[in-house]
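Take a look at this single chain, the form predicted on its own, given in structure tokens.
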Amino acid sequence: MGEAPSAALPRVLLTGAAGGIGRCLHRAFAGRYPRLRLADRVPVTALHGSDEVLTGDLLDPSVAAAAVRDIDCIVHLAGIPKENTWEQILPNNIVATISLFEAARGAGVRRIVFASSNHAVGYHDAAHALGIEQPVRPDSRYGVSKVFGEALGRMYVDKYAMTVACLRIGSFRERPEDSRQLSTWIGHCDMAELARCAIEAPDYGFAIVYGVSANRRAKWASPDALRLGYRPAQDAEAWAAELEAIAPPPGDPAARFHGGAFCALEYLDPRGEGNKP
């Protein structure tokens, strides 16, 4: 994935570049694109000569405008990455996303890859598989913010003829950590490949794709993945023997619903324990 950049490849903005997924994509994409702009509120270290670093808050219109200038595609990862209070979720996950989409529209950016989440549909019964045709059922404030981002993307496709992919990311880890993640896990290689496909695929209008690896226990189906060309290669089953016993008790919301621990009422452990996608 690190071959020399081609004139046909887009100039890419990666927001939230200092986060876990951001660092993964930065490593995977360093040197691939003619411009890879890395934006975050904290400094990011460039890995390649084509990297550009922008430090600032997307809530500031001037920062958002600078971030999208001379960019072809945005991968929007920035925001609070787990459940939190409305005071945190509203500005960082909703207002900042509006700011970025509007800046992109004003600058003529034609494609946005939005990091959504499985928590947009987390309150569906885990006994049943999910596609993209079921209605949204967010399991948390965080999940609501992802539903908002998906709806915003749908409007920008219909009203402004942009291309938007919403990636309902599962459990992004180097390896799965419990029995739920035997179905929801997405490995680093597959995450990078999914993002690459969303960036580089021919125009697809609007797409929703579950961000999961090729787990044989997967319960999420993504017909739009074929339009993007995403074919995951990793499988959580290699860890099944050691993880099957790590499960919540029957009847616990974490066992009953697709969203796992996020479905527990007011799940706001200040230490972050249990707030695992």
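Predicted model, so just to flag it, every value in this text is computed and none were measured. When you see a residue number, it is the position in the sequence shown, counting from 1.
What comes next is about the form predicted in complex with a small molecule, which does not appear here.
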item	value
Proximity to the small molecule in the predicted bound form (heavy atom, within 4.5 Å), stretch among 232-240, 245-253, 29-37, 55-63	55-63
4.5 angstroms heavy atom contact with the small molecule in the predicted bound form for A18	yes
Distance check, G170 to the small molecule in the predicted bound form, heavy atom within 4.5 Å	yes
Non-hydrogen atom contact G22 with the small molecule in the predicted bound form at 4.5 angstroms	yes
Partner contact for P81 in the predicted bound form: the small molecule, 4.5 angstroms, heavy atom	yes
Proximity to the small molecule in the predicted bound form, single hit among V121, I112, A115, A195 (heavy atom within 4.5 Å)	A115
Partner-contacting position among A126, A96, C73, A207 - heavy atom within 4.5 Å of the small molecule in the predicted bound form	A96
Joint contact, L130, H188 and A214 to the small molecule in the predicted bound form, by non-hydrogen atom at 4.5 Å	no
